[in-house]
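Next up: a single chain in structure tokens, the form predicted alone.
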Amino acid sequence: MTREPLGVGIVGAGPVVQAIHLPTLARLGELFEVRNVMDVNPDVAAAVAGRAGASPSTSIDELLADDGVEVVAICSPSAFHAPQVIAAMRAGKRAVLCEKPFATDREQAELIAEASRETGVPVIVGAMHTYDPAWLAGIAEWESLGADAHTIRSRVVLPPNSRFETSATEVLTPRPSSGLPDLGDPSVRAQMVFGGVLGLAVHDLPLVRRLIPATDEVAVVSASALSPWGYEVGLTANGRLVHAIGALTEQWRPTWELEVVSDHARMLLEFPPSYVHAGSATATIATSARTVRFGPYPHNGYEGEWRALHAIATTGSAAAPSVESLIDDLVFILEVASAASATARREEAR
């Protein structure tokens, strides 16, 4: 039996929606149809909704009252995520996708979990790397080997995000540059590292948490702000070493890698940068006996998360990740961000 596409309502119509979600949904026309786009700026709402042939809204109440909206994507600023996710659940929608982070603290996350249990409406977090088919194939192989990681490295080196936003969006004008940050100011260093963890490292930290047995013994041992923009964070988690570096530079070649090392195996994941629709990552696993490679697959993690949302909405919430696991990811990310920020405040600029 042919199933009608699910009606999508999108809350927030900024660069991520314009450059990522709308093109992704356009490729998934057999699964989804965008029916309502909400933004507090009525001109932006109308322009972006017009591209998708959808109705514009300027309030979430208006969007949730649209009977054509069956699933909701929360793409607003993070401070609004938790109440908007809960509102979508209580409106009786079939499923919710929320951009990361889906809450700003554990208390908010627990309120989402309570609403999900009460309404039966599942939620997934738009952490696209967790839905990348190369990651899913690579981690399955890694775990089948019984490999126990002792070192994990995340390396993200990208041109400034405004390049991607400018080339991929038309409605919103990029924010003007305010000049180079003063890394001699401890508060600036702290803010840069905190923002870097929540802006870039956040994509890989759920993967890191999957690779370590527990996160009840996390200690940030070093954290620095990098000029002109970037972060470097070193931490230990249950005896495992995690090193994360992220930078926006003028170099031409984007790099987004996650390297995982055990005594007997090494896995290297190479992701395409954000805003680029270039298929999946690749995952290469090497042991003394052989080397195997997964990917690139035709679709990336952005498409993967929407496909997962469709499966959850049409087959039931049993297919959804547990809200408890999403809370554990969130707490881990916030703990790392907070501790790294405090450490960077004390350290000298680099």
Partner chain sequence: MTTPTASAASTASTVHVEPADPLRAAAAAAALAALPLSFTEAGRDAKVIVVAGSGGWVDRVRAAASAGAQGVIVTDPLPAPGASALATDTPACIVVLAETWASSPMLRAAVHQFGEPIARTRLIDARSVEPTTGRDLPAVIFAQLRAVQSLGIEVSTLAIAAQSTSSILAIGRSASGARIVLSAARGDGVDGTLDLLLVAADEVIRIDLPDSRTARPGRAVLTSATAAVELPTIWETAHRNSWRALHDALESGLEPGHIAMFAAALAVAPALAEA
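Numbering follows the first chain given and starts at 1. Keep in mind that this is a model prediction, so the values were computed, not measured.
Same protein, other form: the form predicted together with the partner chain, not shown, and the subject of what follows.
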Heavy atoms, 4.5 Å, the partner chain in the predicted bound form: which of 120-128, 89-97, 228-236, 203-211 makes the cut? Say which one. 228-236
State the residue from 141, 259, 105, 185 whose non-hydrogen atoms include one within 4.5 Å of the partner chain in the predicted bound form. 259
Would you kindly say which of 157, 276, 113, 145 lies with a heavy atom within 4.5 Å of the partner chain in the predicted bound form? 157
Decide whether residue 250 counts as a contact residue for the partner chain in the predicted bound form under a heavy atom distance cut-off of 4.5 Å. yes
Indicate whether the partner chain has at least one heavy atom within 4.5 Å of a heavy atom of residue 223 in the predicted bound form. yes
Consider residue 286 of the chain shown here, and say whether it contacts the partner chain in the predicted bound form, taking contact as heavy atoms within 4.5 Å. yes
If we define contact as a non-hydrogen atom of the residue within 4.5 angstroms of the partner, is residue 263 a contact of the partner chain in the predicted bound form? yes
Is the partner chain in the predicted bound form near all of 241, 245 and 347, within 4.5 Å of a heavy atom of each? yes
At 4.5 Å, heavy atom to heavy atom, what parts of 133-154 sit next to the partner chain in the predicted bound form? List them in sequence order, or say none. 150, 151, 153, 154
